Structure formats: structure tokens, C-alpha cells
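This document opens with one chain alone, in C-alpha cells, the form predicted alone.
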Amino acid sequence: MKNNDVVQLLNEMAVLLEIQGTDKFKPKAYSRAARSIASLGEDIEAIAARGELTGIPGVGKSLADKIDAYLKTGSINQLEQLRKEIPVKVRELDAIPGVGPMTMKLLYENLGITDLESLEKAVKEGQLKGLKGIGQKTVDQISEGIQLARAGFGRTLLANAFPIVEGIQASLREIQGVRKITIAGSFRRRKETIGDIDVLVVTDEAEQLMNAFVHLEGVADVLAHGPTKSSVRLASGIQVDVRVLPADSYGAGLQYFTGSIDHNVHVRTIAQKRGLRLSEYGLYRGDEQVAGREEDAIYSAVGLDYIEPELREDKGEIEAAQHHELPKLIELKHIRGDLHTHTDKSDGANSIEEMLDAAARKSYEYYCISDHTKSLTIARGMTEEQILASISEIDEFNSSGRWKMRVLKGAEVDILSNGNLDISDEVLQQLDVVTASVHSKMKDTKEAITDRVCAAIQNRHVDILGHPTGRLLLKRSEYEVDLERVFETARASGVIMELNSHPERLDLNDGNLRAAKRYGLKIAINTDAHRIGELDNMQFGVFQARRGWLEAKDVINTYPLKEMIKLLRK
């Protein structure tokens, strides 16, 4: 799928048009179209083939023609012209938290800054001081953002890697002689971000496979081309390595190339103590292969239960496998509902009815509407009066029988700087699910933020703490907060911790999820969906939950409705 490529190109055009400044409406139009395409649940090439691009919200005929041109030729003439006129590396600067379109324009026009390197130099030399709208706090934020961006260079969000992986697999499966294909590495471990993509193949026609691979659509550079291993760099910048393995070594290769390094070293050490030698080609006693064809046989032969890929980080999983104490990890099929979603009553893109129809197609047992509240004006947060009107509307929906699932009345309530909530208790008590979240003043001290969060979750109406650390992967670090104190307060108050499934959040991280589980806290895996397509992000929350050792019993929205409601009640 080229959806993500199109989204990036449209966002780049929006920024360059903003810098150009000739038309104040076009940048917003391109941004809106990019958001719509980002939430599509279908391959944009399939939509283009049907001639239905203009059916995408925000995509008119002119924009549809540009998208169609890109899909056919790999470029957009207007974008190429803009790049010549304005040599700003938008994607590079956009990776820096605190640097948006207006800041890029300001930096380019006043200092000639076009990329991360020139921005970093300007920050070090103090050139940003004195620019209109840029104070010391902004300079510090940009400086911190540069380091965060550098750390993220070469990394790709797991969600963005999925369509790339699916395209590679589909192309290689069409090649005659291919018997097995598996994506290994950090992708198979479902890490939040990935580096390279490792593809393992069993085939009878290795030469034909490798020739086809290096000529796949989207390949920008061929880094290596051999009979058993080839490497390419895609136009997106991601490196893809393909290895051909003998069938008798496939399981061993899968274990080896899935990693992590620390996990593999630990397993090899155990094998050595048993007089065995483990490599990517198999498990051997002397020259005799003991195991290699099947991955689970590798673990069994060294005295371990099979370890799911998501757990292979050498963080206790090997010891658990030795003592038959591995968790029975949660699966997507266990999820019965979504407890945090938005509609166009605040900053969502779809109506309540549209979101409910989409949720019903997932056969959910329950589904919560939880729009933003009034303090978050940028998200058109709802007032008490608007929430009460929504409550009445949802009551009517439940009475109508149109949807078999129970529609829950909720809100994502803003945690104010003093720890209070921005909606009165009288209104909160009428809601089924109250999610409290921090959306502002994330640069406060650790003590201040911890006090603020702990005060909020002690409110007897709060059910869930939303995206508890506030991070945005590759864009914004976690705010400083004492999670141990938060977990202790949550346990005493009966508050659920959210695992936010948005691919840029995946908040809590895997380590924090394990800590929350040790405290005996329940987790809610929610999508925080702002449009229909984002309901599919539930899978990424489940991946993260598995990395955090969570079982179905640890997750509140795996329980039937009545039991789930009881767990929410303090």
C-alpha cells in the first residue's frame, strides 16, 4: 500500500505551500486530505483504479489528479517544482518536536534554515534568540527535539512498516518456487519502532527470487545482490534484507534473526551448557543436527517452553520458560469493546452514528463515546451542557435497538494544572466511563505532574487514566512523572491504566505495563480513535500488551459487559 507515501507527500506540499505563502487555503486543504487518507482502511491504489479518489473526504478533482499522477509515475510535478523553489527538507524538520509549518517558515525566511543540521548549528550559535515568537522555552524545546529526532532517525513506526511488509510479502509470494516467507527481526517482536526489515525465505528458485526482489517497485538502491542474501534501500529510506535459508535450517534461522541479541545470547549459553551448539543453521551436538527445521523444537531441545516473539528481550522470559511460568498472552480476539473514542462533537472526523456502525462491524459487545471536554479548546472540547445533551442522545441510541452492542456514555476529561477536572462532579457521575488525561503543561516538574495526576485519579468519578506518560513516539518524550506513586494511588482508588493504541503513543510502554501488572492494576486497551479507520489500531495496542506480558485477565475490555462495569466501579 502507498497510503503512507501519499500522506507524507501531501503533508510536505502543505508545509511548502505554507512557506510559499501565496494561498492560505491550499495548505489546509492538503493537510485535510492527508488526514483522510491516513485513516483509510483500504489501499489507495485500489480506490484510484476504480476512479473514486474524489470520494475521499477533502480530495477534489485537482488533488485526485496529483495523487493519480504519483501512483502512476512516482512523482508530483507541482511538488518537484516547490522543492526547487523552497529547498526545505520538510520530513527532516517535521521529525523535530516543536517545529511545525509556521516555525519552518520563520526559520527559513529569517535564517535560511533548511534541514536538521542547519537548525542544530543555529541553535548552538544562539541565532534563534530574538526571532518573533521564539523565546528561550521554545529554543530549549527545539534543542531537546533535535536530540529526539536524531535518536529516531532510521526508525519507522511499527504501523507504518505494516503496509510495506505486506507489499513485500505479496510480491515475493508470486515468485515461483517460494515455499515459506516470514518477517523476522524487531518487526516480528512487534517493537514500537523498527529499523531494518528482515525477510526469511525458503525457495527452490533462489536466483529468480533475488533478481525479482532487487527490482521490486519502490527500491531506490541495491546495497547487495547475492544468491542467499540481498539488501535494498526503499524510497522511504527503510533497508530490507532478504535471506534464503534451507528448509532444514528455517526454524533455527527464524529464532536467530528474530532476536533480540540479548535473548539469543542467553539461549545459546543454555545450549552450550547442554553440550550443544546453536547458530542460524541449527542446533547441533557435534556434527549432528538436533533441531533446526521448526523454531519451537529449538526451544524444546534446550529445555525451554516456546517463547512468543514479543517476549524475546531477555527480561525474564527465559527463566519463566524454564519453570513453565510464561504468561498466556492476550490476543486481539479477546477484545470485547473500546472504552476511549472520539466523534465530530469534539475533534473527531466522524459522527457518532458512523463510529458506532464501524464498531458494530467489529462485533463489539460495548463501545464508549468519550469526546474531549471544555478546557481543550483546540479540540473543540464539550461543555457540561453539551455532554448532557450527548448523554440523552446515547440513551436514545441504546433504546433504538439499532446496534446490538451497548453504547457507553463517556468523556475524556482534562486534568487541570491543580489536579482538578474541568467538568463538574454532577455531570461526571452521569457518565459510564470517565477517562482523565493530561494535555497541557507537560514540561512541569516531576513532582508537580505527579501531584497533579494523583489528585485527579483520586476523584471518585475517574475510571481510567488516559495515555499516562503523554509521549509521542519519535516526536515527544514522556513527561516526567513518578509512575510508582501513580500506580499506588491508582490501586488505592480503583483506577484503570490505559494502554493507548494509537501507533504514535502506545502508552504505556512494555516495561510500564509489566510494572502496572505487578501492582495488580487492570489495563484498558483503547484506540483513542478520532476517525473510523483508527478503530483498527486496536491491534497495535494488543501487540504492545503482549510485549508487556499481559494476559486477557489483565485487560478490562476483555471482560463481558456486566463484569467490566463492575470492575470500573470503585
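The structure displayed is predicted, hence computed values, not measured ones. The numbering used is simple: start at 1 and walk along the sequence shown.
Not on display, but discussed next: the form predicted together with a small molecule.
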| item | value |
| --- | --- |
| In the predicted complex, the one of 177, 163, 227, 195 near the small molecule [non-hydrogen atom within 4.5 angstroms] | 195 |
| Selected contact from 97, 259, 101, 419, since only one has a non-hydrogen atom within 4.5 angstroms of the small molecule in the predicted complex | 259 |
| In the predicted complex, segment of 462-470, 385-393, 126-134, 180-188 with a heavy atom within 4.5 Å of the small molecule | 180-188 |
| Partner contact for residue 345 in the predicted complex: the small molecule, 4.5 angstroms, heavy atom | no |
| Touches the small molecule in the predicted complex: residue 489 (any heavy atom, 4.5 Å) | no |
| Partner proximity in the predicted complex: residue 476 to the small molecule, non-hydrogen atom cutoff 4.5 Å | no |
| 4.5 Å heavy atom contact, residue 268 and the small molecule in the predicted complex | yes |
